[in-house]
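This document starts with one chain, in the form predicted alone, laid out as structure tokens.
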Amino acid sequence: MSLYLYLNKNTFIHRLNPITKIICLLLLFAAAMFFIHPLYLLILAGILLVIGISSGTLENLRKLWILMAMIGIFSFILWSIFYRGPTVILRYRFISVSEESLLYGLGMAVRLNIMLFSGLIFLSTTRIEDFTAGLNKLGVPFSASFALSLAFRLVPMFLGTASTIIEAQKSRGLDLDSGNIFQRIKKHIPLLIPVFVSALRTVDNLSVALESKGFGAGLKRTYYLQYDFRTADYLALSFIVVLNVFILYLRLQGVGNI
């Protein structure tokens, strides 16, 4: 199984300029922040679901739906308890749950999942090198954009190393699955040492390779791949901008509040 989320497909979203996709991602994050009421956030989630279907990224959603569901459930529970509202439904000692807190908790759960799903679509349709080039074209210094894109490469690499070490130890007879959760955690702790040693070795080799290639020499960088704006990019940007303006107008009119 690939540890990277990128799906090599020839869809409308995949063919967009990386700058377009970065701007659309930021605007989708902003659109999710405008509304509080879960009903309007669910409408935005439906629009995002259509985008996910058209980009063919639902297979990645099936991989991560448990994580998104857990984040949504915990967000709903926590905000329902700590948010205060006048219409109290349940009160037990210092804990009170109101109608407003339930709506707010559900809205926050939907909002977080919208942002996660937006990022999932972006990572599923954008190569890491395209992401780096897009950030650089937007004015982000190359060192910063390279460091950010490097995180997307190193995290799956470390997860793959950890998985390899665990499987190697299991093949040698190490029992990691028996016992309660605390006993299993205790068994995994010694495996952190080879994972960290491998991570340090990888980082050291990477730093030597970057130095040998003159990284940070101060010269203006050029790119083999050139990204041009096409009609599809203008259409995608226009749709997202109009959507954000419409949502902002509704929010200023008091729509979408609790």
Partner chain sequence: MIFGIKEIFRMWGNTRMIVLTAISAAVYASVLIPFKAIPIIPGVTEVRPANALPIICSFMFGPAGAWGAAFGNLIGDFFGTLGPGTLFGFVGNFLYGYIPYKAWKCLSGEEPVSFWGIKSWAKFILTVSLASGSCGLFIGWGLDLLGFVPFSALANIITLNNLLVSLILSPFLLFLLYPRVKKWGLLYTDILTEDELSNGRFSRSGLVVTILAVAGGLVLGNLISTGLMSSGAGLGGGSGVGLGVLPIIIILLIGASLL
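Residue numbers count along the first chain shown, from 1. Predicted model, so just to flag it, every value in this text is computed and none were measured. Here the rigid core means the biggest group of C-alpha atoms that line up within 1.5 Å when the two forms are laid on top of each other.
Another form, the form predicted in complex with the partner chain, is not on view; read the next lines as being about it.
Student: Just to be sure I understand the contacts: of A232, L61, L206, A45, which is the one whose heavy atoms reach within 4.5 angstroms of the partner chain in the predicted complex?
Tutor: Residue within 4.5 Å of the partner: L206.
Student: Can you pick the one in L176, I71, I165, I89 that has a heavy atom within 4.5 Å of the partner chain in the predicted complex?
Tutor: Of L176, I71, I165, I89, the residue with a heavy atom within 4.5 Å of the partner chain in the predicted complex is I71.
Student: Kindly indicate whether D228, F239 and L243 are, all three, within 4.5 angstroms of the partner chain in the predicted complex, using heavy atoms.
Tutor: So, no: the whole triplet misses the partner chain.
Student: Check R201 for me: does it contact the partner chain in the predicted complex (non-hydrogen atoms, 4.5 angstroms)?
Tutor: It does: once the partner chain is placed as it appears in the predicted complex, R201 has a heavy atom within 4.5 Å of it.
Student: With a 4.5 Å heavy atom cut-off, would you call L103 a contact of the partner chain in the predicted complex?
Tutor: The answer is no: L103 has no heavy atom within 4.5 Å of the partner chain.
Student: In the predicted complex, does N136 come within 4.5 Å of the partner chain, counting heavy atoms only?
Tutor: N136: no contact with the partner chain in the predicted complex.
Student: I'd like to know whether S143 contacts the partner chain in the predicted complex, with contact meaning heavy atoms within 4.5 angstroms.
Tutor: Judged by the heavy-atom cut-off of 4.5 Å, S143 is in contact with the partner chain in the predicted complex.
Student: Residue by residue through 54 to 86, tell me which have a non-hydrogen atom within 4.5 angstroms of the partner chain in the predicted complex.
Tutor: The stretch 54 to 86, when checked against the partner chain in the predicted complex, contributes L64, L67, M70, I71, F74, S75, L78, W79, F82, Y83, R84 at the 4.5 Å heavy-atom cut-off.
Student: Once the core is superposed between this form and the one not shown, does M115 show a C-alpha displacement of at least 2 Å?
Tutor: No, the C-alpha moves less than 2 Å.
Student: Determine, after fitting the two forms on their core, whether L210 shows a C-alpha shift of 2 Å or more between this form and the one not shown.
Tutor: Passes the 2 Å threshold, so yes.
Student: Relative to the superposed rigid core, does V197 relocate between this form and the one not shown - that is, does its Cα move 2 Å or more?
Tutor: Yes; V197 is a residue whose C-alpha shifts (by 2 Å or more) between this form and the one not shown when the cores are overlaid.
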